[in-house]
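Only one chain is included here, represented as structure tokens and corresponding to the form predicted alone.
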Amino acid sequence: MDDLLLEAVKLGEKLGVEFVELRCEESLRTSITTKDGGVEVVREGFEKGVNVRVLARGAWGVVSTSKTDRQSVFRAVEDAYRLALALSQKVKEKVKLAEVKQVKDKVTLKPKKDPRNIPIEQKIGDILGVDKTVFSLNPQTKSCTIDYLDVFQKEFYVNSEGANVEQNKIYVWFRVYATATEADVFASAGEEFGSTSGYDVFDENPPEKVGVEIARRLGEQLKAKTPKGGVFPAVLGSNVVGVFVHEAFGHLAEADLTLSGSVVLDKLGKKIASDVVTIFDDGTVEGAFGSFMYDDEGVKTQKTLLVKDGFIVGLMHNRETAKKFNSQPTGNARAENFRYTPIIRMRNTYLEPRDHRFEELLEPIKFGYYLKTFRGGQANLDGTFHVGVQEAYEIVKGEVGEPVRNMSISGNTLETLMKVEAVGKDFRLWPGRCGKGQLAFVCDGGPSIRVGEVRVGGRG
């Protein structure tokens, strides 16, 4: 395959392109869905394809094909070139790319447990083990749906500047979502698990342990009270910190969205958070769900500093935005698969831990809330955010109190970051999937933190 892609690059150069790159992807995947103790879906499949991106007269032309024979790949190069020429007559700003070191590398994997070697019966058994535990521990459980996915991917990347990268990737992921009812109270609990190191994700998260945790959350919510609405001090657990950093800040610092008008566009180099806030986006964390060696522009991944001691010092870049900001590409260009063009995506985005014990975070709060596990979240380019909370508790006189349910928090990202008073020493990354027109596997997280005030949704 490598030789064919290099020949296609030469064809692009003969056509007179400014730049041409080809990404070939071969993927083998297994997906399983179970519901309430039964297997609903089992799929296994293989897919292969090539994405061609050509830069000509300052415009991109992009073509993908699932046919990987010589004739089809060459035709894709020619079609991409013609498309670029046509679009070049309409673009207002010519595309320019930042210079980057071109590498030749081959990245192989040696997983402890390769999911390709795990029998499908074992995968189903592990998943149903979670289901069985949830139902057995919580009689009020009404439903439990589990989705499982594993992917083995081989990628080839070449371009006209000399890059030639082959890398293998493994993703193993599963998600649990369960509901329960008691009288007129409805409860739901869910969590995602994922790893790029192999099927040992089930060793780190045994089915019985996962089931126990989901059943516990359902039980806590069924007996919980509704929160008071208003503005209160709060301690955010690692899970909630992660979704806040990802949704409320991370997207604002993706340079393509920054250029689209995010609230941080005029804040580069300025203070946007309290002194105790330092944020990274890091593709180098071993085994984390957002880690890889090279991005889909052939740029080596790295640990990118976004906020240091409250000052925004960097953004996440691809080669195009790096040129516009007179910066360096950060290895954040990612495509869902060969059918898509790479765009700027987060990897493992987190707030750096400090030195406070959890008890020290709680201690000054006379009344507030401990937000432990998130339910979902969204943010806007103007900096406003809304995060649903799956598991939360009152804080009374510096101690964790009774559970509350149906809670949400909202506010302005930069105002909230300014109100971070203390940062804990505990740390965890939480795997997930991010949508931005394309799906990307990511992690987010950090330590627990104390925020001076946050707006809580609930009864008044």
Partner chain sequence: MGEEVNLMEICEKAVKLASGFGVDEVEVYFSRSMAVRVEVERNQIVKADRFCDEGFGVRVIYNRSIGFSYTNHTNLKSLEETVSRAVKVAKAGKPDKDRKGFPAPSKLPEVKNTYDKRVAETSLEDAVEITSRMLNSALNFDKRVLAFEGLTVAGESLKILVNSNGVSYTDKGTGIGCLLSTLAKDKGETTPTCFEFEHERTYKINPEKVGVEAAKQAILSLNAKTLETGFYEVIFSPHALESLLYYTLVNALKADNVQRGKSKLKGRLGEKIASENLTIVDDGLLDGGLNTWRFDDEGTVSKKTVLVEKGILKGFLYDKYTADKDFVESTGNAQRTTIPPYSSTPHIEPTNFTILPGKNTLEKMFEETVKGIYVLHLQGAHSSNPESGEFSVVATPAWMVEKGGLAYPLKGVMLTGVIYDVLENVVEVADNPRKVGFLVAPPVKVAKVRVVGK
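Treat the numbers as computed from the prediction; the structure is a model and nothing was measured. Positions refer to the first chain, counted from 1.
If you look for the form predicted in complex with its partner chain, you will not find it shown, but the lines that follow are about it.
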Here the chain is shown alone; which of 303, 132, 308, 339 has a heavy atom within 4.5 Å of its partner chain in the model of the complex? 339
Mark residue 226 yes when one of its heavy atoms lies within 4.5 Å of a heavy atom of its partner chain in the model of the complex, and no otherwise. yes
For residue 402, is any heavy atom within 4.5 Å of its partner chain in the model of the complex, or not? no
Taking its partner chain as it sits in the model of the complex, is residue 397 in contact with it (heavy atom to heavy atom, 4.5 Å or less)? no
Taking heavy atoms only, is residue 428 within 4.5 angstroms of its partner chain in the model of the complex? no
Contact check for 144, 184 and 377 against its partner chain in the model of the complex, heavy atom at 4.5 Å: yes
For the interface check, one of 386 to 394, 202 to 210, 279 to 287, 106 to 114 should have non-hydrogen atoms within 4.5 Å of its partner chain in the model of the complex; which one? 386 to 394
Does anything in 37 to 57 come within 4.5 Å of its partner chain in the model of the complex by heavy atoms, and if so which residues, in order? 39, 40, 41, 42, 43, 44, 45, 46, 47, 48
